[in-house]
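Okay, here we've got a single chain as structure tokens, the form predicted alone, with questions on binding and movement later.
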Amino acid sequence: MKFRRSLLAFASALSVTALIGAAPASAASIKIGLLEDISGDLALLGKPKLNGSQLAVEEINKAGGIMGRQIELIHLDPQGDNARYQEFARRLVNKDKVDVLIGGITSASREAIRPIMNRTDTLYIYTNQYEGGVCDAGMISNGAVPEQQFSTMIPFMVEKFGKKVYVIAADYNFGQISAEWNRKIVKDLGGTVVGEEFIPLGVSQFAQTIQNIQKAKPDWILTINVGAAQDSFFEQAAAAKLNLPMGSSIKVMLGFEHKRFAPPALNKMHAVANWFEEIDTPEAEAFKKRWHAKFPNEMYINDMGYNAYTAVYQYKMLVEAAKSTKLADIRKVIATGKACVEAPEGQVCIDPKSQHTSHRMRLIAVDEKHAVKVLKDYGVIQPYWLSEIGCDLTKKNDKKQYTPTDLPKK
């Protein structure tokens, strides 16, 4: 009981800290609840998300707020625990009366939150790249999904390096469903998955995995391992001189491993990303300047921090277009197909059928000195897969996550 009381006190302290970073609240404020891990194994991913949210709130409040109302940002730190995600989600909705809930890092945390949001008709914005498939009218996804990443990256890897792939994946729904996507795409390309390992979060020793990879002799490795502990794989693989090409839907852009580890640990890493700090367009440069002015000690602006920043602006656009914070009114705006904002990557739009977000996708590669090079610009890719398999939230709210082997019933 003492631990529980101290945890809630800690969370309350974080909430106060977040409020200090925002504009002064008032009775007429719009409340954004934010659930992001800034301690524990996933803190290196969650801290940029808090930063991005705070920067967006600060900018919007200075510009007059949303419909003339200031934003009140209330942040709690679930510390990577899904039970806390649920407890804090209920608290934000029932006690703090937030108008929208944003956040969650892992797909497991998202699935812990989503039913609570559905029961309360509170809009939920999930700000991570993920394995795709959620067809739920109460949720907006603004991160990249498999048809924007795997459907571009995996064909490149097979053509460039070969048809034999070894998979190391985090052992929860993100890693498992992402591996399912890989199996389908590789099979369609005539390739072979020569090994798969699903690794529990927190594991940091990979000697046996490296031996397994050496024995399997793949052409390349799909690395969808998650968190600071699992990222130990890269240093250990470099020490073992594995030196194989790698592909990922999350590395570089999320965990900025090319900045955290000494070269050549990330040599030959490839990813398809909508945001990475090395983008040098005028819009991206202006965003980076504002970010680093506010957070001068942060090493890198990752995709999660960028997505969190963009999510607040997406919410502003939706509320102002709807002239309401109610979920039903916001969904009417999304249904028009014109729910778009200008973001640091370029214009992004919310698809009315799936409520997922379009993105400009680029194929990037890391060299032996950890420099990032853009190999191909795919342009804007729509989140098309859910609508193709029958998800249409303008007509029916499935409230379900689909996968390549679990499709809607005809």
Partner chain sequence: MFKLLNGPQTLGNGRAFWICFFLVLIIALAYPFFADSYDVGNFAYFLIWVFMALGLCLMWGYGGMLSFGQTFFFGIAGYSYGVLAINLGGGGMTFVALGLAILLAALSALILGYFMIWGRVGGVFFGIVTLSATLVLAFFVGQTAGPEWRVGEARLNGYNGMKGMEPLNIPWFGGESIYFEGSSLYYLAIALILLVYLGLRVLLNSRFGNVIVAIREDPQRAELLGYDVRKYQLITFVIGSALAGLSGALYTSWGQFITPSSIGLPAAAMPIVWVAFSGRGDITATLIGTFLILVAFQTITVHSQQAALILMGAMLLATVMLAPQGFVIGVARSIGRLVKRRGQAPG
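Because the structure is predicted, anything quoted here is derived from the model rather than measured. Residue numbers count along the first chain shown, from 1.
There is also a form predicted in complex with the partner chain; it is not shown, and the following applies to it.
Heavy atoms of S324 never reach within 4.5 Å of the partner chain in the predicted complex, leaving it off the interface. Although the partner is absent here, K95 sits close enough that one of its heavy atoms falls within 4.5 Å of the partner chain in the predicted complex. At the 4.5 Å threshold, heavy atoms of A112 reach the partner chain in the predicted complex. Although the partner is absent here, A328 is not a contact residue: none of its heavy atoms lies within 4.5 angstroms of the partner chain in the predicted complex. Highlighted residues N82, S107 and Y172: every one comes within 4.5 Å of the partner chain in the predicted complex, counting any heavy atom. Screening L201, V333, V167, V158 for any heavy atom within 4.5 Å of the partner chain in the predicted complex leaves a single hit, L201. Of the residues N267, Q86, S151, T122, just one reaches the partner chain in the predicted complex with a heavy atom at 4.5 Å or closer; this is Q86. Picking from 37-45, 56-64, 368-376, 347-355 the stretch near the partner chain in the predicted complex, with a 4.5 Å limit on heavy atoms, gives 37-45. In the predicted complex, the partner chain lies within 4.5 angstroms of a heavy atom of only one residue of 131-145, namely E131.
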